[in-house]
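Just one chain is shown here, as structure tokens, and it is the form predicted on its own.
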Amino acid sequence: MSIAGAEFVRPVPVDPQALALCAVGVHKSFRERESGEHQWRRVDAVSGIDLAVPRGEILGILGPNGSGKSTLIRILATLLVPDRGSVEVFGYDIGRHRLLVRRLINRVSVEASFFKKLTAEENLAYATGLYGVPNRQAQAMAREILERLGMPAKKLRVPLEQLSRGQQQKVAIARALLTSPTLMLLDEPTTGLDPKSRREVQQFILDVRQRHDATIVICTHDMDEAERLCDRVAIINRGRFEAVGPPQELKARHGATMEAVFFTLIGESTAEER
């Protein structure tokens, strides 16, 4: 059974000429308490981001903790409202067409949320039910996806709290794919995985792009992962893009390796993640 066969949800019309993702002048700031009990300051998390992602591309976002990458992903996923600027997903404005955009995207994050007392099967049934996918078909697709990720089907009937960190992350990826997203937003999807699981997830990401015409934005701290998976990489620091381009092009300009590129562009920033 093909994942792309989840025809139970009425598809959102997509202009084939539209960019998968277009962000212009995106800003987001937060209030942060200073040392004094009643002292607050405004902190810029995202400061004037412009981004154009064509359909079918895998874009990597690399940045130190506190650089703004997770805030940016939450904005693209419609979980945060930007203070200024605009974002369109396949031509749909994320503010005016929020519900339509949410049917075109899905997000996998390092802190994926589940009902931990329920089984993987029950969690997936709940998620797909929100999209109108019949349970029987959803479970068959879930088994196919998890098998490709190297996870035994019997684990579907185990409560999430009894699964390993890597197994939970694979369930999160399966949950995202069951709704056939046109745009996938992956926020550190392989963090904490063992080398074998990491490679399985990376290969699956490449397969999803090839087999299902998905556009993928992935935040990662793994330089090798970014170089292996991404058509282009954006280096973000202090809420701004320092450089955007194919890995080979960035290495030609800034260093022999992606790690050298990273430290050349952002230095030794150690700010806390926002």
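In case it trips you up, residue 1 is the first one in the sequence shown, and so on. Remember, it's a predicted structure, so these values are computed and weren't measured experimentally.
Only in words, not in the display: the form predicted in complex with a small molecule, which the text now covers.
Contact check for G60: every heavy atom lies farther than 4.5 Å from the small molecule in the model of the complex. Although the partner is absent here, R31 lies within 4.5 Å of the small molecule in the model of the complex, judged by heavy atoms. T71 belongs to the set of residues with a heavy atom inside 4.5 Å of the small molecule in the model of the complex.
Taking the partner from elsewhere, P247 is found to have every heavy atom lying beyond 4.5 Å of the small molecule in the model of the complex. Exactly one of the stretches 52-60, 39-47, 226-234, 202-210 approaches the small molecule in the model of the complex with heavy atoms within 4.5 Å, and it is 39-47.
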